[in-house]
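Next comes just one chain, in structure tokens: the form predicted alone.
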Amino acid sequence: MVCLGNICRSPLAEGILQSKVNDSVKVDSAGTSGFHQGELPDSRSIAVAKKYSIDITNQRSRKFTANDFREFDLIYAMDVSNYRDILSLASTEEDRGRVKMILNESYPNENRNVPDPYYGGDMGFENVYSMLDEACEIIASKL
């Protein structure tokens, strides 16, 4: 799960998907920027996850690297900008094939962005949670 800073959207996506799959499935998140390296998720992401009985306080922000292509079978981008940034690190067609837009799970081939809730207030986080929950339900059913 990849967004820009790895403090709002991708930590939520990580926590939601992990809550829907068994422990044998490795779920992680990262940011394309690395601005928040080592930080906890945004307090509003933590709060909305907690509201749905998901604890994301063990997560710490990290930067997405080319090594992630070897570590993960699927890489979900939260928006088109991050999708492009991830692809810029891909060295093979196989790497590029691992990268998906997460909302294409809910809205196939529409390339919809998960909006960044950082400046959107508490309801922005609730809306993002709802979008990610729907997409992660579909991903979990495929896994």
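On a predicted model such as this, the values are computed, not experimentally measured, just so you know. We number the residues from 1 along the sequence you see.
Unshown form predicted together with 4-nitrophenyl phosphate; subsequent notes refer to it.
Chemist: Counting non-hydrogen atoms within 4.5 angstroms of 4-nitrophenyl phosphate in the predicted bound form, say which of Asp116, Asp85, Asp28, Asp95 makes the cut.
Modeler: If I apply the 4.5 Å criterion carefully, the residue I get is Asp116.
Chemist: Quick check on Phe35: any heavy atom within 4.5 Å of 4-nitrophenyl phosphate in the predicted bound form?
Modeler: Residue-level check for Phe35: yes, a contact with 4-nitrophenyl phosphate.
Chemist: Would you please decide whether Leu4 lies within 4.5 angstroms of 4-nitrophenyl phosphate in the predicted bound form, comparing each non-hydrogen atom pair?
Modeler: Answer yes; at least one heavy atom of Leu4 falls within 4.5 Å of 4-nitrophenyl phosphate in the predicted bound form.
Chemist: Is Cys8 close to 4-nitrophenyl phosphate in the predicted bound form, meaning a heavy atom pair under 4.5 Å apart or at it?
Modeler: Yes, Cys8 is a contact residue.
Chemist: Within 4.5 angstroms, counting heavy atoms, which one of the listed stretches 51-59, 87-95, 65-73, 35-43 is next to 4-nitrophenyl phosphate in the predicted bound form?
Modeler: Among the listed stretches, the partner-contacting one is 35-43.
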